[in-house]
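One chain comes next, on its own, written as structure tokens: the form predicted alone.
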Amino acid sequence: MSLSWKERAFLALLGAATASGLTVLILILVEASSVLLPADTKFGIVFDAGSSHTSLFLYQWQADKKNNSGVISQALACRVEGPGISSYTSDPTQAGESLKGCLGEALGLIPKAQHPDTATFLGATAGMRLLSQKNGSLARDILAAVTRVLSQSPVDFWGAEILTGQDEGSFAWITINYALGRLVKYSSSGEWIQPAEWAPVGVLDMGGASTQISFVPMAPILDQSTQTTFRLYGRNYSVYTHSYLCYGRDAALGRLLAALVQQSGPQRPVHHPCYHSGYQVVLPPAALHGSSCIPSSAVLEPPRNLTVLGTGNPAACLAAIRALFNFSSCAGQRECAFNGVYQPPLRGRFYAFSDFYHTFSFLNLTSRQPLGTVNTTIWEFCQRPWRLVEASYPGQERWLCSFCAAGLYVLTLLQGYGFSADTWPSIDFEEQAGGVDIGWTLGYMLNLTGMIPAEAPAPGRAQSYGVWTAGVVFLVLTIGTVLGAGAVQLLWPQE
């Protein structure tokens, strides 16, 4: 018996659908090629526990590393509320509790499944170095408190420790040179490569309690105690770095005050040449008793309040600041900075950040002005009466009185490092480099990634564009013929 037209149409469409479907299946199974899918993103958290405050930095990088070092970007910077952890001597547990707010903010940006794999580290700097020298037991209690909090969080906590000044300076060197593309950079072809011309940048860091200088000198480093070596992105680096404890901004200005107290005598008001004329303040005993950088001979017994009167005399201020340094110890020595400390000749450009930048930013001196202009600007600011200074900077009274002394201190310190009118233009006063905050934390994380196992890209399968297009066409044809066959079966009238 012969087939009806309806049956013939139905079988033809069904056959076409079957052939098209088999073609799609063959394209998927036979023409697919093996590919490597992108590796997962990894995360790391570093707490920078400085002398005046603590900051959290969250970093991320692809798990398939470049020459055993991750290519890292900054995902979050969070300033912890409250003072530095070294201030919690009366209640160490609060040092740990203070970290929870920023930690929670960071965890909110990391996929929950990756919390247990997020390497987390806390590094304490000069504030805790000083406390450890003064009272080692209290310093250990504070570190134990932050360790307890971070160990109980869902991250992979690697530990809390007090960094050496050399670590702080050398990791800051890594941070800036990485951020500026001096270690590795993204090429126009879409690959991470090492720059053909390598010109490393030196770094100048100043915190509240210490200051660091780090750079790659032209000649070999003669004092091995000042040398730090790294291997990053397949290349070895040898960096000179030295840290001066008690030469940070807050510590130096505290030592300056103590020296002026000794000169004034125990009962009389202290005449401060670095404070503006007309400025007067009564300071509590903690202004002298609270710092390990102030010698015991300068501490008043019994403790009493200090009345300080500003005289606005930049020449006397500069003389008092220079007395904090021992420049004569380097007389006749070419490779020496001050206090008899070995330092090779300066080389290349330098980035000055932290309190270097904050001081000169306030004084509007971050545009590479000549050294003569910088000197003149600071002296004119120091000579302005306090009432005019107050009126010019409303809402900044807390730190306003200290910028004259800080400006002259920065000048003295940089000249002690060896900068002159000729080399002054080589200093860039910056808060960021390459869009990331400058400090030791990114450098630490870059170095740390050399110890985190790399993950190979996950295997997968994919087709070429032409095969993929053909597969889509045949898939659409299959669906169309199946729908057509169904329509024939349902809608074609019976013969």
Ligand SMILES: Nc1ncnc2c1ncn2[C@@H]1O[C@H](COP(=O)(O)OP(=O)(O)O)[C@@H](O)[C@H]1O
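When you see a residue number, it is the position in the sequence shown, counting from 1. None of these values were measured; they are calculated from a predicted model.
Unshown form predicted in complex with this ligand; subsequent notes refer to it.
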Sort through Y88, Y247, F403, Y178 and report the residue having a heavy atom within 4.5 Å of this ligand in the predicted bound form.
-> F403
Which residue among P273, G416, G96, G207 has a heavy atom within 4.5 angstroms of this ligand in the predicted bound form?
-> G207
Is R255 one of the residues lying within 4.5 Å of this ligand in the predicted bound form, judged by heavy atom distances?
-> no
Mark H358 yes when one of its heavy atoms lies within 4.5 Å of a heavy atom of this ligand in the predicted bound form, and no otherwise.
-> yes
Hey, in the predicted bound form, is S51 touching this ligand, heavy atoms inside 4.5 Å?
-> yes
Is there any non-hydrogen atom of T241 lying within 4.5 Å of this ligand in the predicted bound form?
-> no
Thinking of this ligand in the predicted bound form, which stretch from 319-327, 215-223, 199-207, 417-425 has heavy atoms inside 4.5 Å of it?
-> 199-207
Sequence-ordered residues of 419-445 touching this ligand in the predicted bound form, heavy atom within 4.5 Å | none
